[in-house]
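Quick heads-up: it's one chain on its own, the form predicted on its own, in structure tokens.
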């Protein structure tokens, strides 16, 4: 059933049911820094791992407005479970837009059914947003490419059945030398080394991915050689939109916790909600939350209409991530000492929110994108 902005209400209802499962495990996932297996299974059962997979390949084929609200819903329940949908966004959109018929048939139905878990390997120790500076190489050798290099901050690589890896087929060409490869789990020479312990989204598994003489057939090249970065940039608008939605979900969880505490906690003979300082702070949070959602949905509607949204996606990611940090800060303040206690929703949101200002492009990178839209690159 379609609602406003073309939102599919049935998909959103399914997301709310999955979110309830994820929420029931969120504290344990965070404290034990364990992968959100129950949340992932709930996403699988609801078909949400195929959120962006086209219907002809067994997915939901959700538009961007629907997908962004789904990610918000899941992230509000558990940031680590919500991050699974972020990890899926890059490989799925890459396959959808640039995969061969054979690649799509091989992978997309399995992804939609939850049988193929994903990872996206771009970042290296010395570069993140500067993708043209990667040093991982893919050298042609007969009918194969041989990959060598080390990736850093790679999400879900330890669990992935398929990893989309960026490497240079022409090491001298910077951005124009980057190509993308589909590498299956168990391919010889590919190994996950260190797994990181992080301040936020602690159930996600990020770490170093090492490629040593990894041999893959040329049929595993995604799109054309040397077009990997251009392909990623096309997918990035959607990825940033989903990252904005993820941050918005964290902001909402912090806001809901603050409102609940203000309604129930008494001080000096009255509820905190009756204190003007507190009620005004909550009013500001509500306004910021609404503004972030409108920015996000405006960008999503444009993307669904086929418009370029580079600057709008950056605005959505910038506003939502910084709003999440502000609202989480306010929520801790409203909770007082209880907001510092591990297991408290405000405390968890405070840590989860901060990571959203960094991953998938820092706030400064988003401002650079927006400024270039205004002033050009000169």
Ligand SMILES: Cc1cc2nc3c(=O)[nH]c(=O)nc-3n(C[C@H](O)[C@H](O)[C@H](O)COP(=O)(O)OP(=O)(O)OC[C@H]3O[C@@H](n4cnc5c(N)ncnc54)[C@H](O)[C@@H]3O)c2cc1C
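Quick caveat, the model's predicted, so the values are computed rather than measured. Numbering follows the first chain given and starts at 1.
The discussion below concerns the form predicted together with the named molecule, not included here.
- You can rule out all but one of 276 to 284, 120 to 128, 90 to 98, 297 to 305: in the predicted complex, only 120 to 128 has residues with a heavy atom within 4.5 Å of the named molecule.
- Contact here is defined as any heavy atom lying within 4.5 Å of the named molecule in the predicted complex, and by that definition not a single one of 104, 227 and 234 is a contact residue.
- Within 4.5 Å of some heavy atom of the named molecule in the predicted complex lies at least one heavy atom of residue 206.
- Though the partner is left out of this view, residue 153 does reach within 4.5 Å of the named molecule in the predicted complex, counting heavy atoms only.
- The closest heavy atom approach of residue 362 to the named molecule in the predicted complex falls within 4.5 Å.
- In the predicted complex, residue 21 stays away from the named molecule, with no heavy atom inside 4.5 Å.
- Taking a 4.5 Å heavy atom cutoff to the named molecule in the predicted complex, the contact residue among 218, 176, 198, 215 is 198.
- Interface residues of 252 to 270, taken as those with a heavy atom within 4.5 Å of the named molecule in the predicted complex (partner not displayed), are absent.
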